[in-house]
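Let's start with one chain on its own, the form predicted on its own, as structure tokens.
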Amino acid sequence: MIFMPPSTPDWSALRADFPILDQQVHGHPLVYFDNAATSQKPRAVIDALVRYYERDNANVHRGIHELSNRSTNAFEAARERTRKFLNARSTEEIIFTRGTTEGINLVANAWGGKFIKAGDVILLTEMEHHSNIVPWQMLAERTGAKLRYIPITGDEGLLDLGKLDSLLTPEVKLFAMVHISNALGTLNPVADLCARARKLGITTLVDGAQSAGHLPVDVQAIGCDFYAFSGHKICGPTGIGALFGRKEVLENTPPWHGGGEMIATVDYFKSTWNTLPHKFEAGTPDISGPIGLHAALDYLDAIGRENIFRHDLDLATYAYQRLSELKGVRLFGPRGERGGLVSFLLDDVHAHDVVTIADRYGVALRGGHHCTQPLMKKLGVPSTARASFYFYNTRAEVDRFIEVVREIQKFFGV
């Protein structure tokens, strides 16, 4: 999946758009390698949030005064921008959520509550984030459905697709899969997986938390029924995300939350529902979030997600290579094409110790199970350390990271 960029951006100039990166931590220049957890925000996003609260703050859809009109127009413009970002067919297919987790929970509770029955199978992969496991476990407990998993192939963390035919049986009603693993960097062939499921009439969901802002996403080309992502991982604000749902599927799915906005009529004993997508957006929404998200999507597409993918891949490949040259390092995830992260362990050093000491040198990493406890058990480790990259990171920062890893090894005598 190598994308050819139309031109190479000025990465140094883009880095200057992120004021938070220009600081020292514990007396050292900040090296922010925790982008898989959350990305930093460019000035354009920060300014959009400030401008909204200084000039346009009002509730949406319900008012007829000027501020409400401005707020509503900006809110719905963000929905159209999100539609374009994912290449959905209509804004009816774009539901604003708090993020990937809420999007998946919406599907599990609303769609799953109607269509999953006792004896049905929900197919997942062994590399899923808790957000794409726990909601299905809860649904299975309520309904009597069963969970089934596609295995991975050792530390390299690729799906064992040779097992897929035996797993895609008539009992499978939903196939939910991660696009890019947050713990391994594995880039899954989601379009092929969705096509195979679609031939059997199986509904599909793609967890796009690590992919939406890192490579071009076309939900029509992927062929999924649902795709969820979070704004805070792609330069947008926290607390905002979106769920794409195919119109035909959403129309047959009941609402999840009840309240204002999601209704057409209400009397004391019965209510009817609003049209798509509003029947899934009860109550006053996060209004500034979509406005900030709009600014983030404009910013990313001005760079070109093809360019971002190549930049991420270059840094991840370089970091993997540099780490592999050190003794006493165990690496996880694919050796070839991958998302923009590298997970690793140092011999006889706990991942939390690696992250704690790296922080003293100004290098921000992530250590732990990365909300993938079943995957960690599969790998036979309690946790890993993770360096994750974005387009404002540099090879020089990777070199600094390697220097710090060497210092940690010296400190522990390994």
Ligand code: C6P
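From 1 onward, residues are counted along the sequence shown. Since we're looking at a predicted model, the values are computed, not measured.
The same protein also exists as the form predicted in complex with the named molecule; that form is not shown, yet it is the one meant from here on.
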- Item | Listed range touching the named molecule, judged in the model of the complex by heavy atoms within 4.5 Å, from 111-119, 294-302, 154-162, 126-134 | 126-134
- Note on the structure: As a check of understanding, the residue in Ala58, Val381, Leu49, Ala37 with any heavy atom within 4.5 Å of the named molecule in the model of the complex should be identified as Ala37
- Item | Position in contact with the named molecule when the complex is considered in the model of the complex, options Thr82, Gln210, Thr186, Thr204, heavy atoms within 4.5 Å | Gln210
- Task: Would you check, heavy atoms only and a 4.5 Å threshold, whether Thr101 touches the named molecule in the model of the complex?
- Result: yes
- Task: Give a yes or no for Lys279: in the model of the complex, does one of its heavy atoms lie within 4.5 Å of a heavy atom belonging to the named molecule?
- Result: no
- Heavy atoms within 4.5 Å of the named molecule in the model of the complex: does Cys371 have any? yes
- Message: With a cut-off of 4.5 Å between heavy atoms, is His311 one of the residues that contacts the named molecule in the model of the complex?
- Response: no
- Item | Within 229-247, the residues that have a heavy atom no more than 4.5 Å from the named molecule in the model of the complex | Ser230, His232, Lys233
